[in-house]
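Only one chain is shown below, in structure tokens, and it's the form predicted on its own.
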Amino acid sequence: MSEIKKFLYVNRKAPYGTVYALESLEVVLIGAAFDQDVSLAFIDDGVFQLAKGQKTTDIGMKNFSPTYSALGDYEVKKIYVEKESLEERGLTPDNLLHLTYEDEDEDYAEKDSIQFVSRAELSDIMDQQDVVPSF
């Protein structure tokens, strides 16, 4: 049996206007459903994917941001948001969705999935992965 590889999906694009954000989310959910060790990183305009209050009616696209709340159900517990990207776009952690998972090792206590990391920390996290696809 082969060992489980660690995947870090890097999200760099704004949520709408291209297919990248939605495709990344779909790939992550599929990988997690097959018990891959899946994590996500949001950098550059990708931080907008996690913004609260997305309204898409004027652009004629479905708002898929509520789907991020399902990540915890798929055991996706490691979501990294680059601090510098947030700051450069005038966002704070309060502007983002509150994503959680239930920690079965601690009597299903609800814990935050999002970790705010610096560029240097994210670089170190990337170095620890087996596969780092970018969307």
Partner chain sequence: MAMLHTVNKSPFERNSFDSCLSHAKAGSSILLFEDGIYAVVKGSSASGKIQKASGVSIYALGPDLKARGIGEDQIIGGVTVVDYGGFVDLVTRHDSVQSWL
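Quick caveat, the model's predicted, so the values are computed rather than measured. Residue numbers count along the first chain shown, from 1. Heads up, when I say rigid core I mean the largest set of C-alphas that superpose within 1.5 Å between the two forms.
The same protein has a further form, the form predicted together with its partner chain, not shown here; the description that follows concerns it.
Of the residues 125, 14, 114, 117, just one reaches its partner chain in the predicted bound form with a heavy atom at 4.5 Å or closer; this is 14. A residue is said to contact a partner when one of its heavy atoms sits within 4.5 Å of a partner heavy atom; residue 107 fails this definition for its partner chain in the predicted bound form, lying far away. Taking the partner from elsewhere, residue 91 is found to have a heavy atom lying within 4.5 Å of its partner chain in the predicted bound form. Its partner chain in the predicted bound form is not approached by residue 98, whose heavy atoms all lie more than 4.5 angstroms from it. Interface membership of residue 87, defined by any non-hydrogen atom within 4.5 Å of its partner chain in the predicted bound form, is confirmed.
If you take 44 to 66 and check each residue for a heavy atom within 4.5 Å of its partner chain in the predicted bound form, you get 45, 48, 51, 52, 53, 54, 55, 56, 58, 59, in sequence order.
Once the cores line up, the CA of residue 58 ends up 2 angstroms or more apart between the shown form and the other one.
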